[in-house]
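Next up: a single chain in structure tokens, the form predicted on its own.
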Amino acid sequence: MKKDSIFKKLTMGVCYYPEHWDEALWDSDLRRMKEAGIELVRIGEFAWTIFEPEEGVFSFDFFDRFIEAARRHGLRVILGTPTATPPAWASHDYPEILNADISGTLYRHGARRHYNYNSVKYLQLTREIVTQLTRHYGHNPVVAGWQIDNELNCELSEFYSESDTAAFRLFLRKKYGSLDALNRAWGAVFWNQTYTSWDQVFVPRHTINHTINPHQMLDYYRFISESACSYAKVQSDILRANISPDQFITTNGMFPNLDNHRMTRESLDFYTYDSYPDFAFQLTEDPLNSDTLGDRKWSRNLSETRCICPHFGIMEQQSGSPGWNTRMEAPAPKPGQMTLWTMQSIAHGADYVSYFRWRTSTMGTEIYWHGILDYCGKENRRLREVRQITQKFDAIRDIAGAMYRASFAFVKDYDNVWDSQLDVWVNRVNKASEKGWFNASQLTHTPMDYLYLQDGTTLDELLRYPLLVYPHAAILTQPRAELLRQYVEAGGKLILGCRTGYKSITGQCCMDPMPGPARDICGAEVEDFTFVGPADEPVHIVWEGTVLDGAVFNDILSPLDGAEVLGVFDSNYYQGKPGLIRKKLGKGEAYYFGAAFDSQAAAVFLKRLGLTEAFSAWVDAPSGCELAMREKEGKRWLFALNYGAHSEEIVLKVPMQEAFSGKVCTGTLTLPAYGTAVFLVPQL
């Protein structure tokens, strides 16, 4: 269902809750939105009781009036299905719809997202409200599109209700067919966990020291994703049957235990992300943690969003300081940061940006989640900045549909993402290496894509990139290993890291020599392995005179026939043993690095493989600035983003028109604190 680009031009929106405000404010608010350049208004995602005040009784008068007001002011709406917050009558009358904690205690009415996806009753109530809404608004020309629910798997991404146990058993029966197969997959003979009846199988429950069977947990995470995807599809199927072809379908994310690629493929026209870079400055964060890119880290999230949907939207873009009355306190965005974060989203592929929210709520948990306007609704600096952003939008509106230009891809897959959540050994190296590669990408101006290996991934998709980095694929199936082999043989470069290829698809450790199916690709075999202990002296891998940190965990290697040793460990009991091996295979080559990757090690790989400074033909920029490029139909937009509190100088090597000012610039140019510039890049 996913379309190349749902928006024909760069488009601005805002989130609004007409039910929170006196109706007398609507016209003024809508007029000011229109004057500020806003075109779309998201509404309705938490308003179930207004649409259905009691079961089976539907009322549309309230939102009919608001939608008509939006039409008068030349605005359109995105209408949310209100299923993220079941009404009080449903929570009271049907407690089986409620989610539960791992001990089975129900989450009660009073917050949000307290339902479960598998309740037969909740599915019935969902189908009814979505059907009624689509029949009423499915051909209303003011309704541009629909948002399914709100932030699936937010708040909680684990479900322990009785309905979930029943659904989990069905999921497992379909997957394994028999208890014998289930017991083998879960290694149930360990600690005498063998099941002799399906009635004995539950979703995870409290155990001593929380030592839940890891193979059960891996299947449980897969089940949660299955449940969320299925729930989204229940709604999208109803929408498709009832709405105009001109209305789009989306939802907003990104949250754990959910195959967003599958959900987008099955249920959406395009995907949207909720971007809050100010979380980098939460007061609860450790201020001494200097190894961070701060708000620039959100480019990593945006890159992963782009992997799900190359032309995505931002349903909630930061406009004021975030926070509930219970957590997430953070400072207000400084002048210019709202623009910076907006351009950060656009640079990474967003064609639609919607600010959260128009007015700051005066009630409820989110009274400190500030929007464009403060409580009083008076003119302020954030509204003035929105108007300035609109002028910038006007200068680059035809960027919609342009592709982000990446130099390499960081490879992931859902099996390993979910496995790393329950395996602290894997999680430790994964976190270090993902951070290391992203930071190196940013600081060396080597733009990075994410690429998820899935059952339908093709060789052509891999060959779009001269380099793939797949650092710690503990679970590596034979079909995926074969695809990687074909990629290398066709001319690609592949980098693997420690802890690769030693688990089966069930999460059990294999008895083959490590790194399992990757051995013949990279020409390396693991003869020993260990964490780098806190009492150990620093361990390095020396690569042709360059000293790399052997971070976190070390695989001590032996070369296989046809492979060459490039680097050796310089200390610990394995001093002098291979730590970096390369094998040339067909037209390409594969590397096995016996450690996690910090940013310095990743940067060395990028430099030696000739990928750094992807924009050096046009511009030199300090590491404190992010550079990004989007291109389509021979036209290229080069973004320069300064995340710092001080000005930075960039050097343009060729004359280029700066899109916002219209001026042709060359030589040294100063970007002010939090400043942004977009250059139209000439053909060389």
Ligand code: GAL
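As the structure is a prediction and not an experimental result, all values here were calculated from the model. Residue numbers run from 1 along the displayed sequence.
In what follows, reference is made to the form predicted in complex with the ligand, a form of this protein that is not presented.
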Practice task
Work out which of the listed stretches, 537-545, 257-265, 363-371, 524-532, brings a heavy atom within 4.5 angstroms of the ligand in the predicted complex.
Solution key: 363-371
Practice task
Determine whether any heavy atom of W324 comes within 4.5 Å of a heavy atom of the ligand in the predicted complex, and answer yes or no.
Solution key: yes
Problem - 4.5 Å heavy atom contact, Y17 and the ligand in the predicted complex - result: yes
Practice task
Please run the contact check for N252 against the ligand in the predicted complex: heavy atoms, 4.5 angstroms, yes or no?
Solution key: yes
Handout entry: 4.5 Å heavy atom contact, H73 and the ligand in the predicted complex
Key = no
Handout entry: Residue (of E329, D269, E304, E151) lying close to the ligand in the predicted complex, criterion heavy atoms within 4.5 Å
Key = E151
Problem - One residue of Y276, Y465, Y591, Y221 in contact with the ligand, assessed in the predicted complex (non-hydrogen atom, 4.5 angstroms) - result: Y276
Practice task
For the stretch 39-74, return the residues whose heavy atoms include at least one within 4.5 Å of the ligand in the predicted complex, in the order they occur.
Solution key: F46
